[in-house]
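The structure tokens that follow cover one protein chain in two forms, given apart as structure 1 and structure 2.
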Structure 1
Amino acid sequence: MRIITIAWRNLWRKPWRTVITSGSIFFGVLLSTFMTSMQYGSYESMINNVVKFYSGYMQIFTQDYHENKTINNTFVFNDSIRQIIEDEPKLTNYTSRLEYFSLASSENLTKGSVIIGIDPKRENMVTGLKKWVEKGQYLSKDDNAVLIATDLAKYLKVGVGDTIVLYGQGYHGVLAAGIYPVKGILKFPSPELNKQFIYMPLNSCQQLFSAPNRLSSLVLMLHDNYQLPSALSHLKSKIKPPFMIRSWEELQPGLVQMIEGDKAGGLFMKSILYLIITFGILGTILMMVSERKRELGVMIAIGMQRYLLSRILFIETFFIGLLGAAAGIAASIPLTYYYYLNPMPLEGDAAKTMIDMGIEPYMYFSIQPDIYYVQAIVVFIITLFIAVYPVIKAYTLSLTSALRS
């Protein structure tokens, strides 16, 4: 008789109890996986919002620009920087930008705006800008025209084909002014972006600000956030002053903090969930051992070593955890995968706040592998912890009292 067989049969002596105990683990794992998948999904979408819409995973600029974002602290894109970027294997793409503030006016309305000079083709590859064109057309390299964000266009009361005047300060205090036709209207999912952005081809922008060949930043893309740490440290080692490189995490410390805070909150809830489950399993195991006291005594009496007995009890506890965790993970994979493919649309107040915060009103799900295996590890640790009790019992059971029971 292998002890594993004995343990397995013991589990099914009271099938309902095993089913209910494993079932509680099953639901705990399912709930926890679902929650985590949703959490991670929302982080991923927030990161995407920031990274893929605008900031990229990393940016290169000058140290001076980092301190003070003026047109005077821009730089000329030289070959040595280009070489470093092109040699970095993890980068999937990069684009150049010249970014500064100016006033934008239509006939009799004026508003402060962010002017972004872009390489239209590269910008589209990096941030997919083209897909936000609501009306009109996307830019091409030699255009001397602008794309204007929808809320700003509404404010200025301009449409496709109208012209706007940009004026402000250029490189080293030179006056910057120009007249540009509106080639298209951009509608971003984020209201924040819709209020202030004007895009124009890099050349026109450099002319406007009298800053030929100058850039404010280089935006670098990776396949995903997992590539970030190694690519960042590699690039940091190569990029020398006056240049510097920053990750989105460094550029958006608020977002990072928010994610960390939310993770801690989730962890707290999951801890409570698992604590409840732990006591549920513990109750079952306590009952299982106390009911079988006499039988355990007989086994030791006839010659079973206590360590073998403790192994049987350990395996029983472990099986209960394994059954529940395996079933929970097996059920949660298709469920989260479904919602990963079909994000849950949100309605009502929640959706409104999200829109206000610049987030698309969808509940996104993540299918990162650690969402699943971390649950397995947690249940495994819980079971190990609980199994301490029967193991100790096997070693300390008093034969005479067990046999007299």
Structure 2
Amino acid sequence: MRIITIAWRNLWRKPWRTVITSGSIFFGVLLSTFMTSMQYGSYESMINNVVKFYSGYMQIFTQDYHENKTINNTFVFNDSIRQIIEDEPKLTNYTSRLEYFSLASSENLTKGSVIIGIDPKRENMVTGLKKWVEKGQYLSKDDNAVLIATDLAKYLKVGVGDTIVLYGQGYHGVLAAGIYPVKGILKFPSPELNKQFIYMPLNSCQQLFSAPNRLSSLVLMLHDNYQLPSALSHLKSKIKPPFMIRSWEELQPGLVQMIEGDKAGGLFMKSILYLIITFGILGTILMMVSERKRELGVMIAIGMQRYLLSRILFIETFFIGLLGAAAGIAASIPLTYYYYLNPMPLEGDAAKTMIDMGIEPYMYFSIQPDIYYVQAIVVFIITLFIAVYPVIKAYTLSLTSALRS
């Protein structure tokens, strides 16, 4: 205990030396946390763009529909499935959909489209569909109208108030055909969604395809992606054939591969950053020991045993690392939180690239707790490895040269 007290007092005999030394650790934690927050924020943005625009965190459908997405493999939403969903505490909301393909036509123009029958109120609560209405109005439950994506509307040369014809094949091969007014134009950040999506009330969609009460999927939402593993595991244990449940990761394997690839590149960049941090901390520790060379020599000359001196130096470095890491976390929390609330807007080619990928052109940040403590622990461990140098120096210090310095 006495050694700890001595080490603590030694730090503050020359406070600026301590501040400078711990400052290198502080900036190491701050930079690595900022970089990690930006990296994980971009992943969360990609995931949110997928789950909140369309897929949800999880979807329930039949095993046959998973293998062959035809309207004949749809299902009726029964009480047993409803009870399982409502009993899951981590779910924040869910919505029903009937999704199928049809031809959309206006005058002499025709294009294949994805028709999505929705419960307008629940769909808006799950995916915020209403905010993407650029012109016109959002749907209500009893409407017999459609919302059409902007690029598809331009191709068909229709606007709000015009009508389009939908025709295709319905349930068990029945002819599906209907004329619907355009109530609103949707503009998504994703070009792919803008080219093909048409939304209509669920009842109207079921009538169009002669599939009363039938659904293609149930879309489930959570508070965030970190709750997905436990919720998915619990629901998989409850949902039995012919039904099945899949996460967004299973529904969007391409996005998962992209994130994993980016993580590998991010790990390489972070390794370089840690290497820079290591040399920065090592340089300040070397400076500190060199500056105290005469002081250490005097302590040995008056009778302090070298193993006690090495323990004091190690504890001093430990305290410096602890102070720097704590200060780095304290500074990084408000900094990343500010950018979490105010994402950095991107411009030029970077913005265009992100829009083409279906991602909003902003640099997002994450505030998940592990971002902070993991970086602090890594930098602190680096500091403890570097603390071996003062220990070795205490044993190898030449008394004669130290007293003459």
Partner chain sequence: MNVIEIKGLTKIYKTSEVIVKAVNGIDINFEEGEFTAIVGPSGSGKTTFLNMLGGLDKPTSGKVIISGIDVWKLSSRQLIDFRMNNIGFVFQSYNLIPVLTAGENVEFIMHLQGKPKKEREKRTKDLLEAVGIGNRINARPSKLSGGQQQRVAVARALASKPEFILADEPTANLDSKATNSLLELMSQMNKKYNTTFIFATHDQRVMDKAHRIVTIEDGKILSDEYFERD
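Only the largest set of C-alpha atoms that superpose within 1.5 Å between the two forms is called the rigid core. Just so you know, these numbers come straight off a predicted model, no measurement behind them. Residues are numbered by position in structure 1's sequence, first residue being 1.
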Looking at both copies of this chain, which one is the form predicted alone?
-> 2
Kindly check if the Cα atom of A211 is displaced 2 angstroms or more between structure 1 and structure 2 relative to the superposed rigid core.
-> no
Indicate whether R292 shows a C-alpha shift of 2 Å or more between structure 1 and structure 2, with the rigid core used for the fit.
-> yes
After superposition on the rigid core, does the Cα atom of L235 shift by at least 2 Å between structure 1 and structure 2?
-> no
M304: how big is its Cα shift between structure 1 and structure 2, in Å, with the core superposed?
-> 4.8
Shift of the Cα of K14 between structure 1 and structure 2 with the rigid core overlaid, in Å, rounds to 8.7
